[in-house]
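One chain follows as structure tokens, the form predicted alone.
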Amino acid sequence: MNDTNQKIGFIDNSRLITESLVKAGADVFVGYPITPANLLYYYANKRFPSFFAAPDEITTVQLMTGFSACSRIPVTATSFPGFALMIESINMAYMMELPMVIVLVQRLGPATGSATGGAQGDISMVSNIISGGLAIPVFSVSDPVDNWKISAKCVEMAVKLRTPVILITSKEEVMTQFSFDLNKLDEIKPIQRKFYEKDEAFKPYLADESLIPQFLPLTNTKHQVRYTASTHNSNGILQNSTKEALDNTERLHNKNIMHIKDYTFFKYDKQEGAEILIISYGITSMAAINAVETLRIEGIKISLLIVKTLFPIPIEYYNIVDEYNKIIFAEENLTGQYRKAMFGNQPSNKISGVNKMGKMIDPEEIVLKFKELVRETRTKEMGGVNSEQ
């Protein structure tokens, strides 16, 4: 890009996320302040058409549910302690099929942890917050353009799929200020919502082959609208374990799986001839990018996958993994949470990780892990004799 066309701004990702959500059509923010999500709360108060300060996190999502049922698109931002309190109400909104966006800013835990320490420690939690293990869209952002594009996509998919959507980030990502060329941000147009328009009685959970029911707000004056969080049939009538009610609950999962190609985002930097793949996400992907650059300068072949749709896990990730002999997951948590999400608690010897708690991963740590794997492979090929001897 020509320097004369640049529009440099001093900005942070909290502002990019907030602006993107509003431009995409989110119109009400409900929140309870918590570090390190406070900048999102602050900017939302200035930019959202409506802003409500809730007395606590449980009330936050309850209010969001009411707004969503009246055709608004609500957003909140929180961290682990607040998110933990929200889970029951997120399940309620999921069952009621009400669109909303929850921004989860990760910090060092457990419990209240360290409000000023970053982490990638909530991955396991968000993957299983819906009772029964049902699928819910979860996105991760890795750079300023991601924060802009994917935040808007969260609004789009929440409305399209009639579901809560989670955008997961971290303390360093939303609180770090930087210079950025604003011309790199594409225009965002607000989501155009369509409501039920037929004369026949409205069935709030009657879905066609898309598995997504049409929507009608409680504020309409033509039809009765019934939304419920208990197991129900297509009319929203409470039922326990009838076939129709169970099929309807199964549909909640299947619709998010069925449409996953509409919200699958990743960056795959493939190098021909590479036998090792690094996988990362969020803030740690920056270290992974630097590590790959270092290795390639040394003439070493290496590929990189930055995942941006965390859950449901797209099949494309597994197809990419199958191309490599060794996989290194780089993530800022102690137990390798995304590695386990993809491959279980006892993955094959093909899978390894670079993990850290309390501090961000340094690119050199990823480089050292790569070279360690190479040495191990050469040793095995030589029948156990150390190739450096």
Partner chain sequence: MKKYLNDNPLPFCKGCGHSLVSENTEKALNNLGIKPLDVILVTDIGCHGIIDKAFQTHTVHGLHGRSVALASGVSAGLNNPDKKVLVFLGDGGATIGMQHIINAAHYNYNMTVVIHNNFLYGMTGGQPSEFTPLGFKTPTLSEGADHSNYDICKIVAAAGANYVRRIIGIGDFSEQLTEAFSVKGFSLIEIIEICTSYAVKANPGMKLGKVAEKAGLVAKLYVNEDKKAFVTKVNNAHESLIEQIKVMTVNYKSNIKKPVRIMISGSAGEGVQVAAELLAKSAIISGLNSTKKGSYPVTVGVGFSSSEVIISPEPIKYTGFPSPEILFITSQDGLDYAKATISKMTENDCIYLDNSLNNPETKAKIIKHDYRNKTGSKYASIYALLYYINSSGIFPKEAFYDTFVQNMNSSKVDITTLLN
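Positions refer to the first chain, counted from 1. Remember, predicted model here, so these are calculated numbers, not experimental data.
The same protein also has a form predicted together with the partner chain, omitted here; what follows describes it.
Although the partner is absent from the chain shown here, none of Lys198, Thr335 and Tyr338 has a heavy atom within 4.5 Å of the partner chain in the predicted complex. When the partner chain is considered in the predicted complex, His223 lines it closely, a heavy atom lying within 4.5 Å.
Looking at Asn325, you'd find every heavy atom of it more than 4.5 angstroms from the partner chain in the predicted complex. Contact check for Gly344: every heavy atom lies farther than 4.5 Å from the partner chain in the predicted complex. Looking at Ile8, you'd find a heavy atom of it within 4.5 angstroms of the partner chain in the predicted complex. Shown without its partner, this chain lists Lys153, Lys255, Lys308, Lys171 as candidates; in the predicted complex, only Lys171 has a non-hydrogen atom within 4.5 angstroms of the partner chain. Ser89 is the sole member of Gln120, Ser89, Ser79, Asn248 with a non-hydrogen atom within 4.5 Å of the partner chain in the predicted complex. Heavy atoms within 4.5 Å of the partner chain in the predicted complex are found in one stretch of 287-295, 308-316, 122-130, 273-281, which is 287-295.
Along 45-62, residues Lys46, Arg47, Phe48, Pro49, Ser50, Phe52, Ala53, Pro55, Asp56, Ile58, Thr59, Gln62 each place a heavy atom within 4.5 Å of the partner chain in the predicted complex.
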